[in-house]
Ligand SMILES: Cc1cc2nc3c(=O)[nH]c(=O)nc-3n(C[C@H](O)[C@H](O)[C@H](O)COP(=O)(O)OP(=O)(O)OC[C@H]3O[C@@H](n4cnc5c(N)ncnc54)[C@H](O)[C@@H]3O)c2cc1C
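Read the single chain below, which is given as structure tokens and is the form predicted on its own.
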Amino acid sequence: MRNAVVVGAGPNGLTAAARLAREGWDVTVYESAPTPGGGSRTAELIEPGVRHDVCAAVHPSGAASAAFASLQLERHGLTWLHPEIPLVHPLDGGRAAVLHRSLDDTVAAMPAADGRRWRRLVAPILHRFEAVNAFTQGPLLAWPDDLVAATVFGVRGLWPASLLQSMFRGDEAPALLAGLSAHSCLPLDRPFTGGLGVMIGALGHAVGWPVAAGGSQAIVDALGSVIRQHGGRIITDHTVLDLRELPPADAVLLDVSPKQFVSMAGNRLDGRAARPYRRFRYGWSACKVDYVLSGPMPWLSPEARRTVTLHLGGTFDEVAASEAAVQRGNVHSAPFVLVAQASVVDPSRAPDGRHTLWAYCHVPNASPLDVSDRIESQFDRFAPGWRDLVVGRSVRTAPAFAAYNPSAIGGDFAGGSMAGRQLLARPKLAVDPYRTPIDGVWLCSASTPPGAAVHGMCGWNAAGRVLQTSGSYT
């Protein structure tokens, strides 16, 4: 029996382990923290019985994940909960840009001409969604199985959001595009930002923007269940700082950052081979605030009360100004804020009379700033009176994120910047970016394609490469 060692029990490491264990490999996972999870943990941060997602909270990419579907995580306790509306982007005066699950409903909620333009952007992706989704869940340098689908994505993928927004005349469509594109953690005039925004919007139409019942920890628990069902082991409170500490194995898969990999490899990785990993650039971090509330948020927009996910930031220009400030090393006085109110669809998050609120804004890498007051100013703008509901709150800054998860270098929760070459070179420009220069060692973290989000595809793809090279690929 072949054996594998996985270092890091985040969603990607666990997905890699689950795939190999299911194929009959003897798998051991080592995790430095007391519990598995990485960026997908749920905890009681403020009040007993009230459960908050520590990092990731809403999972359109998870709902679309080929890895999670193949592993049949629903059989291991994972349940997706969908709000009535996937996403709302409030505007002043109680108005809002609304991403409905139905493309027709989304178009109908926009000014007529803008609705037609939104349809032209998104409909071609939806018509070939399975193929486009498959192409974007792996290395973009690979030859696509469906060339038409890759072309459909490529035609849209390279555009900056600032250029795409010029298609529209009203406020709603540009604002919606701005919030979606800001998930790139890049200024909105950069290439790919608009394409990413359109693709994330298409996810909302195709699979929704669900949360995991009970919290994001449920995804990790389901992956752990698959591993144990097939005889694998997860060993926590076990830090690996050097590859020489690991037992002999046919394959070693590392759910760690390139910087960590260089440190763990020591003198086994030097010179030209080490260069891509040493030069790998890390991206923005976040200042995050969790709240316990005594009632639902009093959003001025009626649609905002029917969703889990909100983008707060106003017009396209306002969101663009916020993200440009982060790129300059600052945080705007009115930042773009991402919000999740999971208890809208998941009463298990809090007992009767309590509600959860999760929010963050982007900050420069390693910034120690606590900008919770600026986040709250956006709540004042779009949900006046909300302060009367606050029972308690917890703030986590970029250094706290880095301390919580050693793979989040400087608090970078996305596994590295997507600017410039790193859109394709994650962490190096190669058809097989998972294989490292050290024989038998593979990288499977969010620093490999397809990058950030809780979808497990980085681990799934890396494990697939291991199976291919071992002659046991399925």
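Just so it is clear, the model here is predicted, and its values are computed rather than measured. Residue positions are given as counts along the sequence shown, with the first one as 1.
FYI, the form predicted in complex with this ligand isn't displayed, but the following is about it.
Against this ligand in the model of the complex, the set His89, Val292 and Gln341 makes no contact: no member has a heavy atom within 4.5 Å. A residue is said to contact a partner when one of its heavy atoms sits within 4.5 Å of a partner heavy atom; Arg41 meets this definition for this ligand in the model of the complex. Proximity of His238 to this ligand in the model of the complex: non-hydrogen atoms within 4.5 Å are present. Although the partner is absent here, Cys55 is a contact residue: one of its heavy atoms lies within 4.5 angstroms of this ligand in the model of the complex. Among residues of the shown chain, Ala21 is not one whose heavy atoms approach this ligand to within 4.5 Å in the model of the complex. Residues within 4.5 angstroms of this ligand in the model of the complex, judged by any non-hydrogen atom, belong to 400-408 and to none of the other stretches in 119-127, 400-408, 225-233, 374-382. Shown here without this ligand, the chain has Ser445, Ala446, Ala452, Ala453, Val454 in 432-461 lying with a heavy atom within 4.5 Å of that partner in the model of the complex.
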